[in-house]
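Just the one chain here, laid out as structure tokens, in the form predicted on its own.
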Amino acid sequence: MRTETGPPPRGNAPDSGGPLPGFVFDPSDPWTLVFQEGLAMSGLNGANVYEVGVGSGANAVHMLEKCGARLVSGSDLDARLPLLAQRVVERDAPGLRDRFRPVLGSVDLIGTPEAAAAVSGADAVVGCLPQVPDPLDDRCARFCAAFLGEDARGGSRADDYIAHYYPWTRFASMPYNAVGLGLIEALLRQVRSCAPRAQAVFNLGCRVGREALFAVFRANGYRPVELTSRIVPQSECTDIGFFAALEEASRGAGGERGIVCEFYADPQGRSPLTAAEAKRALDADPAAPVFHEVCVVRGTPAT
């Protein structure tokens, strides 16, 4: 991601320890666009906001300039990115730079004392995190092999791997991990614990259906509402084998359909595809037209 005024100079961020991931410079990522539409509808004027997965800082600038946030703090699993975000805010919104607080280091969800302290004072916690299990994770690889006869463990991890996948085995205790929402459920639980009055605003793929998305919010004490949505191309960097295996695993003994994931063969969403159909199309041609919906969901604490 980047702001519309252009990317920071390519190279290393201050004290970043290496080249920055190329994906943070994408100027037109549709996930970013729909997320920012949702953030603008989230009532952030005057709010103290914490972003989990701050990335390039494009959303921080947007929330400060366009949404009127009073303060934005942010962390990331990639320790280079809060520093990049700080640079982007200083460059693109210099008059607001004192209202951005990077939480430094590698922060897994809100799993450090500094992150928890910042979240405890937040009115809203926002994020766009992976909902696709890592195909190289042993548990996920075995699951896909059992139902698809495929094992992806011979693959490799690109620089932006953590932007696409999460470790499925690690979140096995989360009930909604079964449908790829284990990381999201873990974050909801942490937010509920640290900031019980804060709203949670997440940018989510609808591949497993809206009802599953709303259900994970309700199960963790939030009243969900969809703010906005958009149909986007399925990223060629993200393997969807898990969703095809999920469909197959959910079939009844008599062959009846269980979970049917939501993909499309057109950007208008008029030609539905199952995950199995979408996977076959992409296996035959990685450039095949396959799309899915993205929506921004706001969860308000139920009590």
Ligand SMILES: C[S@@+](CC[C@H](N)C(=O)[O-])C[C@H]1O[C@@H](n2cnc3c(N)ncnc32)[C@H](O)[C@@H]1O
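Fair warning: this is a prediction, and the values are worked out from it, not measured in the lab. So that there is no doubt, residue numbering starts at 1 and follows the sequence shown.
This next part talks about the form predicted in complex with the ligand, which is not shown.
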- Given that the partner is absent here, state which listed stretch (114-122, 218-226, 93-101, 75-83) has heavy atoms within 4.5 Å of the ligand in the model of the complex. 75-83
- Item | Touches the ligand in the model of the complex: G241 (any heavy atom, 4.5 Å) | no
- Message: If we define contact as a non-hydrogen atom of the residue within 4.5 angstroms of the partner, is D108 a contact of the ligand in the model of the complex?
- Response: yes
- V52: touches the ligand in the model of the complex, heavy atom cutoff 4.5 angstroms: yes
- Task: Report yes if any heavy atom of T274 sits within 4.5 Å of a heavy atom of the ligand in the model of the complex; otherwise report no.
- Result: no
- Message: Which residue, L136, I162, A178, I231, is the contact with the ligand in the model of the complex, using a 4.5 Å heavy atom cutoff?
- Response: I162
- Task: Scan V88, L183, C206, A200 and let me know which has any heavy atom within 4.5 Å of the ligand in the model of the complex.
- Result: L183
- Could you list the residues in 120-150 that come within 4.5 Å of the ligand in the model of the complex, counting only heavy atoms and keeping sequence order? C128, L129, P130
